[in-house]
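What follows is a single chain, given as structure tokens, in the form predicted alone.
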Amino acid sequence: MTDTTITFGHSPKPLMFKVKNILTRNGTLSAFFLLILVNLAITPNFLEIQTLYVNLTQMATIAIVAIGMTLVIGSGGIDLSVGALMALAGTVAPLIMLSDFGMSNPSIGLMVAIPVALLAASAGGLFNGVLVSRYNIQPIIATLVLFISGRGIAQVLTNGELQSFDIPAFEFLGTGRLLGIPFQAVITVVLALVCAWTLRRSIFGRYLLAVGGNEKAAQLAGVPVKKVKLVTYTVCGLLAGIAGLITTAINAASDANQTGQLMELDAIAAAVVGGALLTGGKAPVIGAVLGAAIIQLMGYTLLANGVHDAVAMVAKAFIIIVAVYLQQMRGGSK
């Protein structure tokens, strides 16, 4: 018999290294479950079904806008106008429904109002895309134009006044339930699945990530960079319009001054927390939805435990810092 020597090529990894590895690879999911555990420990009535409905309802609009923002960030851009486009869509629809034509023909008025409102928001996104792709204006500057003027247009259309209405068919968008699930949550899931599938399976998805990863290389490879950016910003505008309609339907009123306020910050935060790289080339749509859930849950946790609303803003900033730090750690580990 001969002696057999067993040689280990690598020493066991330290526990801290394993924890760091898990956090960097699953940071968003870990943060989400951590928040749930914290709420189970300190937030009264957290397990009640009404609490779930409240969070789903408030998270939906953030998630929808964050999906669009994730696509734009994945293409190497940014969109500051999403909040203003929400206000614009949320203003246009009630204007049509409350017009003489809309009041005389409620069903037709509703069928016209929703597409026209979405068309207006999409046109805003297309405008951003033209500035970015055709005129090579930096995205943050190009979208700043509608960030300022979009809400102004909505305020001019309504004279800055609140438009309240009582149209149950439209309000279903914000308050209805499908098989007991809030309808806006169903819309969010469908949009997330469609966009995630498009990114992973379609040629457009590959083009978008190629443009965000290395625009010059993508152009040399024959990718239609300008068309990709046009479509991406238009889709982002469309999604912002959907979120604007839902917000207006929830409130049964259109408020051009308040609808979509600071939504661009929440959307960027959700996208970054979800794993989107601000340098482009990566657009985790499902991660953005999870990021929106974390943003919403963090705000709910603070409010439900008596912390002032302003503190939630500080908490969001902290979340973004942690998310960016984890991204850098992940990048360094590659």
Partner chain sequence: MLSRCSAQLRSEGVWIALVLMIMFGGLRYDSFLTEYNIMTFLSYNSMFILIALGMTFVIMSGGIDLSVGSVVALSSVVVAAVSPYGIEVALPVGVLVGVATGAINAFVITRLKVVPFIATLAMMLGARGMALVVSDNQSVPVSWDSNFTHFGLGKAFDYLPWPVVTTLIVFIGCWVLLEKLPFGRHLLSIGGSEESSRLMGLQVERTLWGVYVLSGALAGLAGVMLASGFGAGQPLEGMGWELSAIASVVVGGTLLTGGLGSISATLAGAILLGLIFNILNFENGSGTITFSAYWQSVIRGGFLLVVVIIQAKIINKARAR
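Residue numbers count along the first chain shown, from 1. Keep in mind that what you see is a predicted model, and the values were worked out from it rather than measured.
What comes next is about the form predicted in complex with the partner chain, which is not displayed.
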| query | finding |
| --- | --- |
| Answer option from A169, V194, V145, L95, heavy atom within 4.5 Å of the partner chain in the predicted complex | V145 |
| Joint contact, G109, F183 and V235 to the partner chain in the predicted complex, by non-hydrogen atom at 4.5 Å | no |
| One stretch from 97 to 105, 185 to 193, 110 to 118, 156 to 164 that, in the predicted complex, holds residues within 4.5 Å of the partner chain by heavy atom | 156 to 164 |
| Contact test in the predicted complex: L35 vs the partner chain, heavy atoms, 4.5 Å | no |
| Contact flag, I140 vs the partner chain in the predicted complex, heavy atom cut 4.5 Å | yes |
| The partner chain contact in the predicted complex: L278, any heavy atom under 4.5 Å | yes |
| Contact label in the predicted complex: I286 to the partner chain, heavy atom within 4.5 Å | no |
| Within 4.5 Å of the partner chain in the predicted complex: residues from 257 to 284 (heavy atom criterion) | N257, L265, I268, A269, V272, L278 |
| Inter-Cα distance between I246 and A310 in the predicted complex, nearer or further [3 Å or more] | farther |
| Cα separation of I320 and L40 in the predicted complex versus here, shift of 3 Å or more | closer |
